[in-house]
Structures are given as C-alpha cells and as structure tokens.
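Take a look at this single chain in structure tokens; it is the form predicted on its own.
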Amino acid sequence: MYQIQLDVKLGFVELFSPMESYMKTYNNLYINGQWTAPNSNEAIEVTNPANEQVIGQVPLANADDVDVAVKAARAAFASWSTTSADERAAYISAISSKLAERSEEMAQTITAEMGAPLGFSREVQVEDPIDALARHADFTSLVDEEKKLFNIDIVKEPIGVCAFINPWNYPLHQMIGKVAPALAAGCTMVVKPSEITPLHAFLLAEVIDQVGLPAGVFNLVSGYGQGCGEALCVHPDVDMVSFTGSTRAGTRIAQLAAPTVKRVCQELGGKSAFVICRDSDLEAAVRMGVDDVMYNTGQTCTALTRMLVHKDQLEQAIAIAKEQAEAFVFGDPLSEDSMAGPMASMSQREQVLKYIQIGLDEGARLVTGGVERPEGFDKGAYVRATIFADVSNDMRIAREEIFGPVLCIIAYEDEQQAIAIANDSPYGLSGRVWHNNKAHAKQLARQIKAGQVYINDGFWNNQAPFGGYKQSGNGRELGQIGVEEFFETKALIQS
C-alpha cells in the first residue's frame, strides 16, 4: 500500500514506497522564487532505464516560459550582483547544507532517472557535487579583487544573466558546475536540465526555495533542446550560455548565440587516450583503465576510451583487460553488487550498439562483449562491457565518441608515436599517462593536447579546472578558474 502525499505549493504528487516504485510528478516550473504554472499543459515523461517504466513527469516549457524566466533573472540581477561576498557565501553554504540533508533522496532520484547504481549515485553523483558547491563559498570575494597597473585599475563585474543547458550523465554534478560559480560571481540564471533526467533539478529547486535565495536568482525550466533550449540561446537578455553535451549540439548552440554575441562556454565530447608506457605497472594501469571506461556505464565524457599499449605488451594487456571487464558487474542499480547499471535511455543503448556493430564491421577484434543483451536482462537499457583490440586510430570507433562501456586498445611502437596517436583526435578533453618515473610521465602529459591529463593513478579533484581543447569545447568549470568565466573585466583609466 502506497502513502500518497499531495503538496499544493510545489504542485506534485509523490508516492512513498520501496525504491522499485519510485514516482514523482511535477506540475509547475520554478520561476522568480515561486512554483509557477507553465504556459501549456504538455508534459515530459521520465523513464527508469533499468525497467523501462515511467517514474515521473515534468512540465514541457516553451519559449513563453523561457521569456518569463529570463525576465525574472534580469530583474534580479541588479540587486544580486551588488550583494556582499559574505552574503553570497552564506547562501551557497546554506544550499549545500540543505542539499546534504536531502542527499539520500537526491541519490535515489538520480538512480531512478538515469540508472546509476545507488552506491555510485550516493558517492559520485551526489556527495561529490555537494562538496564542489560548498567549496565555492570560498570564491565569492574574487569579484571584488582589483589590480593596479600604472594609472589603470582593473576590476571585475559579474557577466549578467546566464542560461545553463545541462546533460544527463552526471546531472547534478554538471548543474552544480554551472550554478555554483554563477552564484559566487553574482550572476543570475535560468537552468534547463536534460529531458532525460529532469527530476533531480526540481529537487534542487526545492532546496533553493527552502533556503530562501532571492527571487529570480535561480529559475528552472524543463523542456527539449528545440523550443526551450534554443529559446534560451537566442534570448536578447541572456548574456552567457553554458552548455554540456555533444559537440553536434554545441555547434548548434554557438550558431544560435552568435547573432547576439553572447559568451558561450561549452564542455563537449571526448575520446580520451590513456598512454601506458612500456616502463609501467602494466597490470595496475590496465585494470584502472578498464574500470575508468566501465563506471557510469561508460557515460563519462572524460572516459579513457582509447588505451594505448606498447606493441610488445599488447597481448598481455588484452588478457588483463578482458579479465577485468568480465569481472565488472553490470546489473540492477538497486543491487549492492552492481558496479554499473543500464545506459541512461533506450535511445542511448541503441547508439552504443550501433557503434559496437561498426567496430565489428571495421574489422576490429572483439575481445569481450558485443551487441547481444547481457545474460539475465531481457528488458532495460543494458549493454555488455565491450573491448576491441587490433584497433587503428583511423577507425570510427577510435575517432567518434561512443559514450558507452566500449574500450579500444591500440598498439604503438614508441612513446612519440603514442603521443602522436593520443593527439590525433578532434577532441581534447582529458587523458592519462602512466610511467614508473613520474617526472617523465609529467613530461609526456605536457605534450598531450587536452584540458586535463592525469598522471599514473592520480584521481579527480573538484578544484582542478575542467574543460577541453579543440572540439571538446571552450571555457573551464570548477575551482577558482571556473568562477572567473563568469566575470567581465573592466579597465578604469585615470589621469
């Protein structure tokens, strides 16, 4: 028997029951500090990719809703941009604290809407972005810093109204990566979550409403890229667009924003290389590389999907990779044993299967995995952990972002060829180099054209600037440099 709670203010009905029966329906958008009825009765259904059942519904916002939200953000900017650093820091800390109180609810929400195992959702999808948000309280005074140069005072100002268009793979983390620095800098915003994973954003809006952030600073609209997202990109009162997603969509956003000369920051695709040097702990490196691709079911833009191994160690590396991949447990997101769940949607599953077939057609050697459903899963967006060997860097599976648990192993003859292969990509988001001599590994890492390069078993840090080279985007998120993306620079020139 379900307990039914009706909340008139928020406009949703929630069923409290075991996680398998998660259901949440939102009827209103969050605009100008209020839960606001949309301009139409159309809605977006949210589907659990593990069982293909509808688990929620959110409003389908249109250009009129976007206009109302942008105008609210514009009206709020004058006062919010002049608040003190201490006041903005207090709001950021309050939001992070309240979000921490509701972290379990947030983790269950993300698991239900995109299929990440609950333990992974708790630690990576929720705890990590809450930590990143809290750290931004330390950056609110950056906008007040001045630099003197001869008779010039160089000052900073918040850029203005920001439009944030967010992805579905790390939904809260990528949203916080935009919202947190904007709050710290003194900007106001309109946020659009992915239509695949919108429920977490409404939970974040509830938290922001509970904290009492001034009306209009944070506004939430839910919709598709066409209509809602494009309306944000072309709106004349939007000063900056920050987007995370595919390079194809990023190109379209840049084109839409160009006529009004908005600042556009983008974190786009990736096809990151892992250079495992001959003088390495081969087993440790290969096992880490496989895990890196398989976590979050390969739906990680920085995933090290090209593993570069010396030709003399190729077969040994393949054997280790096969063993590691076949021990990696893909399963029910609610099972404690599951290390990864389904793809985030059935359409993404079809995309990954298409690329696996392309790899087979291109003549790559299938080490493990393939296009068949994993044993025991006759429904849901599940795919097999797949590894290809005998891959050349001109194959589509080596050049195009698959965004699934698919690893390509590529042989090289010497380190300079390895670096050349790593850089022979339209992307430049991330990478990793492993060499027993860390100083030498650092020298090699400096040669890789990517925004982040990890050395040996170095791990993620929320303070590291995040963003890419080439078709992986422009601009940076997180840490002090991420906040600086939200500033305009002004020169005050004196006599």
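Please read these numbers as outputs of a predicted model, since none were measured by experiment. All residue numbers refer to positions in the sequence shown, first residue = 1.
The form predicted in complex with nicotinamide-adenine-dinucleotide (NAD) is left out here; the points below concern that form.
- Out of the listed residues 125, 188, 244, 425, 244 is the one that sits within 4.5 Å of nicotinamide-adenine-dinucleotide (NAD) in the predicted complex by at least one heavy atom.
- This chain is drawn without nicotinamide-adenine-dinucleotide (NAD); in the predicted complex, the residue among 404, 198, 216, 270 with a heavy atom within 4.5 Å of it is 270.
- Against nicotinamide-adenine-dinucleotide (NAD) in the predicted complex, the set 168, 174 and 229 is in full contact: each member has a heavy atom within 4.5 Å.
- The closest heavy atom approach of residue 253 to nicotinamide-adenine-dinucleotide (NAD) in the predicted complex falls within 4.5 Å.
- Although the partner is absent from this view, residue 193 contacts nicotinamide-adenine-dinucleotide (NAD) in the predicted complex, with a non-hydrogen atom inside 4.5 angstroms.
- Taking non-hydrogen atoms only, residue 249 approaches nicotinamide-adenine-dinucleotide (NAD) to within 4.5 angstroms in the predicted complex.
- Using a 4.5 Å cutoff between non-hydrogen atoms, residue 370 does not count as a contact of nicotinamide-adenine-dinucleotide (NAD) in the predicted complex.
- With nicotinamide-adenine-dinucleotide (NAD) left out of view, the stretch that reaches within 4.5 Å of it through heavy atoms in the predicted complex is, among 320-328, 405-413, 104-112, 230-238, 230-238.
- Along 32-53, no residue reaches a heavy atom to within 4.5 Å of nicotinamide-adenine-dinucleotide (NAD) in the predicted complex.
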